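Just one chain follows, in the form predicted alone, and it is written as structure tokens.
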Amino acid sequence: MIFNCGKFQLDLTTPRVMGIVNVTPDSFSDGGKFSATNMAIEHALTLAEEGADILDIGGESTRPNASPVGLQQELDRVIPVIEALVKQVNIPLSIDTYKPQVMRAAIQVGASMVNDVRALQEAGALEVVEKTNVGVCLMHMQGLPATMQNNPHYNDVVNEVKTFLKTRLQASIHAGCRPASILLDPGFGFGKTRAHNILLLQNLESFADLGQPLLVGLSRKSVLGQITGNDIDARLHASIAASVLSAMKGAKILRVHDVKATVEALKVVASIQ
């Protein structure tokens, strides 16, 4: 299975790692650590050296209770980072945003992929992506970051998430996006309780029915803290376990903070699959 994103083609025969680069002061795990442009660039280069196959650059936190960020502020955070990295690394750069204007600007300076927590539902987002050859990740989220964890409810979380992703996949293809350039993400932690997240992970194999590669982001998520009792900075082992389980259940790309440890764990997975 090949994932096409811009000038890059990723062979997904073995699971790949997406390194997280938060250029924000308030992200749930590393908010503020890499908010300065030079620090974000340095961190991204470190993740690339550790074996990241993709770098995901975001300028607006989507943690629970997060406040929206203005368009210009988001552009000021992410565009200089992408401009610098595209000259220094030879791996795809992903822009983590739901704003069409940020997508367009990031693609113009070299981003090869759009990672959208709203699955291209914002007005104009589909048009931005279909006019390029970039890759895209469509994610499920119930509600909005500011309120999504207030009282998430589903009658059947697995089927409802699958139905949503199928609908957005069909809309994207109908708009002109190429199937070989589309990833799907169940959206762990985005409008889901601990029970919902566990059910999704237990049934991850069933998402193969949708026919697209799956991206999973469980790194340091609150569900892992609820299971282990550990704070965010002490969830490495749980995050590795979640990545290994996800890969063995069919996930093709793991979005993580701890790249080196995940890369090594996935080598073990690949050796036995």
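Here the structure is a predicted model, which means the values were calculated and not measured. For every residue, the number given is its place in the sequence shown, counted from 1.
From this point on, the text means the form predicted in complex with pteroic acid (PT1), which you will not see here.
In the predicted complex, every residue of the candidate spot (62, 185 and 189) has a heavy atom lying within 4.5 Å of pteroic acid (PT1). Remark: residue 115 counts among the residues lining pteroic acid (PT1) in the predicted complex, judged by a heavy atom distance of 4.5 Å or less. Put simply, residue 106 is far from pteroic acid (PT1) in the predicted complex: not one heavy atom of it is within 4.5 Å. By the criterion of a heavy atom within 4.5 Å, residue 215 is counted among the residues contacting pteroic acid (PT1) in the predicted complex. Although the partner is absent here, residue 255 is a contact residue: one of its heavy atoms lies within 4.5 angstroms of pteroic acid (PT1) in the predicted complex.
Think of it this way: in the predicted complex, pteroic acid (PT1) has a heavy atom of just one of 157, 79, 85, 139 within 4.5 Å, and the residue is 139. Residue heavy atoms within 4.5 Å of pteroic acid (PT1) in the predicted complex occur in exactly one stretch of 38-46, 201-209, 216-224, 240-248, and that stretch is 216-224. Contacts to pteroic acid (PT1) in the predicted complex (heavy atom within 4.5 Å) from stretch 78-106: 96 only.
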